[in-house]
Ligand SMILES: NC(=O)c1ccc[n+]([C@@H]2O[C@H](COP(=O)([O-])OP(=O)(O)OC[C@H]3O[C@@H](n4cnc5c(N)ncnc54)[C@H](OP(=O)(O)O)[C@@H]3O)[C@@H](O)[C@H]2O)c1
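Coming up is one lone chain in structure tokens, specifically the form predicted alone.
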Amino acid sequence: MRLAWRSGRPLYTERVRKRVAILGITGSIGQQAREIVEAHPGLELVAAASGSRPVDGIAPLTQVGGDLTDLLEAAAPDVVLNAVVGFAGLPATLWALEHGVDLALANKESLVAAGELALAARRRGGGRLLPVDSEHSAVFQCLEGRAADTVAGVVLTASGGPFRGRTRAELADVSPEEALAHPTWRMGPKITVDSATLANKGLELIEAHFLFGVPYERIEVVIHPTSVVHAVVRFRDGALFAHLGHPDMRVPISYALTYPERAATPAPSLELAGLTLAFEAPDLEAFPLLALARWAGEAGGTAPCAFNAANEEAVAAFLAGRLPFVGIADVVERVVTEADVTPARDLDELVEADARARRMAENALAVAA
């Protein structure tokens, strides 16, 4: 609270607004975050960045491309929403954590690639790491106030994407347009393709391990086509806590930006009458990237970084028409299984591992072509 004083007595009370920087503001998450900030009197947009699209006038400080840490230094935000796509978001993630600034994280790839480095940065900086992915936000809320030794496991839900129920053979000729037609969520092209291959759930599995300290063997993935249940936490007494709601990203975005407040959003409340919940096991033969991600996470070191880098290159090739849909998993498998797994001791070593995996992916793409 901010107080104005006269003769030693307060005259009025005014809420201090939280200074927000949105990185990736022109993407789906960034645009919805901007709506949340503009509608909330306690939030102030002080900086905005995009990868390539103009952002002049959106905020007092703006930037297109380049090193985002300089922008963050100048803006001095209270909270950074990192919605940059891919490995490029890593420096901003580490900056926020090192500086003790609250990080609203939508850039799952930076935590996947640099999990141990990110957690070390958070321990040094002392800032809060607030997940924006709907599944991780759900787990975060279900775990709040719970002792770690009471948690038996975490269940992440996946819609199954547009190709749920198809065999690997039936996926051979699907087009980018078909892959981008997600049945329940409105997202950017890269994450939408990742949802179609289940790579996104694999990335989220690794992210959940680092966010919540849950061993990989206690993290499950189930297919839940309606995306009403965002996650489930199992407790040692047999109880299950679930987070339910419409598939609307404004809810987890608002929760992260206004935490520990739970602000109102335009999202409608879920009607329970007539609601039916269905779950099924993922088909790992048709969608092998989920199992590959788990393998990379368990291998540790630079293996998750290699998985992420290869997947980014393969998805870009698929969207450009250079690779068939099933070829995405083939390229990632070749890179992950052939890459040297080494400890990631600092950012330079991680950047080198990322570049090495991308070169391997390009070689695999040349063979596939």
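Numbering starts at 1 and runs along the sequence shown. Just so it is clear, the structure is predicted and the values come from calculations on it, not from any experiment.
Only in words, not in the display: the form predicted in complex with the named molecule, which the text now covers.
- Residues Q141, H230 and S269 are none of them found to lie within 4.5 Å of the named molecule in the model of the complex, as judged by heavy atom distances.
- Looking at P189, you'd find a heavy atom of it within 4.5 angstroms of the named molecule in the model of the complex.
- Within this chain, I25 lines the site of the named molecule in the model of the complex, having a heavy atom no more than 4.5 Å away.
- Interface residue remark: V84 is counted as part of the site for the named molecule in the model of the complex, having a heavy atom within 4.5 Å.
- Remark: G321 does not count among the residues lining the named molecule in the model of the complex, judged by a heavy atom distance of 4.5 Å or less.
- Checking A88, A76, V174, L244 for any heavy atom within 4.5 Å of the named molecule in the model of the complex turns up a single hit: A88.
- Think of it this way: in the model of the complex, the named molecule has a heavy atom of just one of P41, G65, P343, G57 within 4.5 Å, and the residue is G65.
- Heavy atoms within 4.5 Å of the named molecule in the model of the complex are found in exactly one of 330-338, 297-305, 33-41, 65-73, that being 65-73.
- Residues of 239-266 that come within 4.5 Å of the named molecule in the model of the complex, judged by any heavy atom, reduce to M249 alone.
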